[in-house]
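Presented as structure tokens, the chain that follows is alone, the form predicted on its own.
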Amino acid sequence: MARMTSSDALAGLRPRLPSPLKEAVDARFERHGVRLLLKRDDLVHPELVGNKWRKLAPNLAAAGGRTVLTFGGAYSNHLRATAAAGRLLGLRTVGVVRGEELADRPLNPSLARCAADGMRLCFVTRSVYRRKTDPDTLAAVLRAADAEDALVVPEGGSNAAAVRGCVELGRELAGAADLAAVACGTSGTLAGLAAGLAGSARTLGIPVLKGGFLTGEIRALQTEAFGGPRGAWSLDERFHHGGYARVPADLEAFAADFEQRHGVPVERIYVAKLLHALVTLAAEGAFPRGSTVAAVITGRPFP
């Protein structure tokens, strides 16, 4: 198969870029003299939403027609987006799923969608999954998946290519806001966003997992992608709401209320935590009066 170029990948995926940037008039910000913008990256592509498209496109181009193998949990949006991209571009995809016990159960809706899009699902034990970056373990996984020549994309899609793919997101926001905020899982989006912002604007990351490990990850990703740190960024670790995929009742109520106020679908695992954090920070006086905050809407609820 002829090697796929970056322009081929872009043409095949047909993204809507730049994504829309719209003001959200909200009294919870206005009373503190803060203007809220929503960067609607959820509208980039109907199946490869927001940062999934921005991170995947460079990796898909690099695959050159080879199999793409990647990793995720049972409800991974990254796996779902990779499977959809494989269907759209005619690429073979393999998803390595954390939890061997899941192989004996009916597929949940997320994994069923991956399978319907042609992704081969390989279930591994949690101990093997934890060692997935070990060369010997990875080689064994590739052999078991019959994908030894595959392009390996890390969990969440965050690598140097993905970070460079997210730089354009920062460039699209440059000059529009004093602060750009994004929810963080594996931190590749933040690493690229911060690099793309210009001038005095800074980037705020809201981790959706407990653990406090992302600072080192962001530094490592920026070093791999650019040779060193880029942009002014910080993290606020307080808004994980119990950990990844935890959506307590108060967060669910907040998300439903935001949807009603602004007519914007709010994805619960990432976007709800980001928006809740910004409302809380505004109330705490974290943003100077007269400032503009842009919230990057990286995803939307899957059916």
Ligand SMILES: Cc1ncc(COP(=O)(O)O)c(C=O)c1O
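For clarity, every value in this text was computed on a predicted model and none was experimentally measured. A residue's number is simply how far along the shown sequence it sits, counting from 1.
Quick note: we don't show the form predicted together with the ligand, though the next part is all about it.
Trainee: Even though the partner isn't displayed, in the model of the complex is residue 196 close enough to the ligand, meaning a heavy atom within 4.5 Å?
Mentor: Although the ligand is absent here, residue 196 would stay clear of it in the model of the complex, with no heavy atoms inside 4.5 Å.
Trainee: Just checking whether residue 114 would be counted as a contact of the ligand in the model of the complex - the rule being heavy atoms within 4.5 angstroms.
Mentor: No, no contact at 4.5 Å.
Trainee: Should residue 222 be classed as touching the ligand in the model of the complex when contacts are defined as heavy atoms within 4.5 Å?
Mentor: Contact check for residue 222: no, nothing within 4.5 Å of the ligand in the model of the complex.
Trainee: Looking at the partner-bound form in the model of the complex, is residue 189 within 4.5 Å of the ligand by any heavy atom?
Mentor: Contact check for residue 189: yes, within 4.5 Å of the ligand in the model of the complex.
Trainee: Could you tell me which one of 86, 185, 170, 95 places a heavy atom within 4.5 Å of the ligand in the model of the complex?
Mentor: That would be 185.
Trainee: Only one of 270, 29, 258, 53 comes within 4.5 Å of the ligand in the model of the complex by heavy atoms, so just point that one out.
Mentor: Selected residue: 270.
Trainee: Based on heavy atom distances of at most 4.5 Å to the ligand in the model of the complex, which listed stretch, 45-53, 235-243, 250-258, 31-39, is the contact stretch?
Mentor: This holds for exactly one stretch, 45-53.
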